[in-house]
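In structure tokens, one chain follows: the form predicted on its own.
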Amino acid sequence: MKTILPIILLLLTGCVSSAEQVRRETRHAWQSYERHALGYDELRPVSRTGRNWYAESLLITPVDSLSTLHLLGLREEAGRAQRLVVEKLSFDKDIEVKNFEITIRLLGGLLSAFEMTGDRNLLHLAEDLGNRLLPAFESPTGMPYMYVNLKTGKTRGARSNPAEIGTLIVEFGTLSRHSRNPVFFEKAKKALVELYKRRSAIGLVGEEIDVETGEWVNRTSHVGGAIDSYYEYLLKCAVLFDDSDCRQMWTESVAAMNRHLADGNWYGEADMNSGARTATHFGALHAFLPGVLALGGDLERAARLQESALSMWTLHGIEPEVIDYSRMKVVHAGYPLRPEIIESAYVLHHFTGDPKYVRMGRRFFEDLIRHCRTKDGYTVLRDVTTKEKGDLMPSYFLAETMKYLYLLFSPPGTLDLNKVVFNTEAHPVNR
């Protein structure tokens, strides 16, 4: 606590700008990874050890951090991270990976860093990875399997979900643009269209679908995990590629979502066929939606939903994973350093200029420092009610959480949101 109080006091007194303090804390987190987990996928900051996702490291934290380190002007740290990636990263590994996670973190991270630096080594790595992920799309429907082996191309996991099927087109489409190979965009768009075609008569998608048969396995509809970024990418495909099909799919989908899932100033769960309410749950992952609604032009609805998300955060001084908003009670108490509520504050501030979103961001940042900072990085919370710490700094903390805080506090023009689209891992790619 002795090291945390001075940091919060600096923020409160204005002795150091909020943006500069985010830079300092990002350096603290990155250098902690370098000291205790260099070469591993992620840092365990409490035990000061590293962990890998699979049998061999894919340098997930270094790749995921590249765009943040460059954007924040942390030149030495960015240089070290980029050299590590270029010199050590190889995808020629006999390991089965999750197509969705590797796409948004590694493919997205490599492409964004390539656009920022012009280092073609990063593009070559992205092309190699993209080619190794392509077998995932070889299902009878064209919707991808959940897992693919990077060396053999063997696939597994026919039961998937809209988020994992529909959150690929930003990365694969950007890879098509830079590699001049249309197959990446075509595969990802077919997956998106095939999923959309299987929406219900009232326009909703469910939580789980079989990519071989095209049949729904779970018909619960909502805007949280397993569905969330499907909606995000319908809109971002339209914006990034000026794609009229995606624009139509977004327009029809957001109308259905607002009609059947919106519940006052919240979004709940419903049966995808009838629209009947099945649960009043909302959580940290759902908090992406105000930003997407704002990007889509619905600033009024976005602002109302952001206020709801803020009340979820202030309930216990930091947001839980899920609450029941009808009772304002915690359903899942963990806080895994999620960025979505901060992302939405940034996007709303960009479109409205309202300083309340900066004040909101300062609240988020101070609470992160107070409850999640450790001597060796930042860590997840097991329980927001007790503030019990876990032992993991997910790569998205550097990729997303710190990047969106920095952008929220930075002067206009630091990054032009009218010229880039963020993938769901906060990697900006050029329109």
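For every residue, the number given is its place in the sequence shown, counted from 1. Computed from a predicted structure; not experimentally measured.
Omitted here: the form predicted together with a small molecule. The next part is about that form.
- Residues with any non-hydrogen atom within 4.5 angstroms of the small molecule in the model of the complex fall in just one of 334 to 342, 78 to 86, 114 to 122, 177 to 185: 334 to 342.
- Proximity of Trp30 to the small molecule in the model of the complex falls outside the 4.5 Å heavy atom cutoff.
- Contact check for Ile104: a non-hydrogen atom falls within 4.5 Å of the small molecule in the model of the complex.
- For Ser229, a non-hydrogen atom is located within 4.5 Å of the small molecule in the model of the complex, even though that partner is not displayed.
- In the model of the complex, none of the heavy atoms of Tyr378 sits within 4.5 Å of a heavy atom of the small molecule.
- Note on contacts: among Leu235, Leu285, Leu204, Met146, the single residue with a heavy atom within 4.5 Å of the small molecule in the model of the complex is Leu285.
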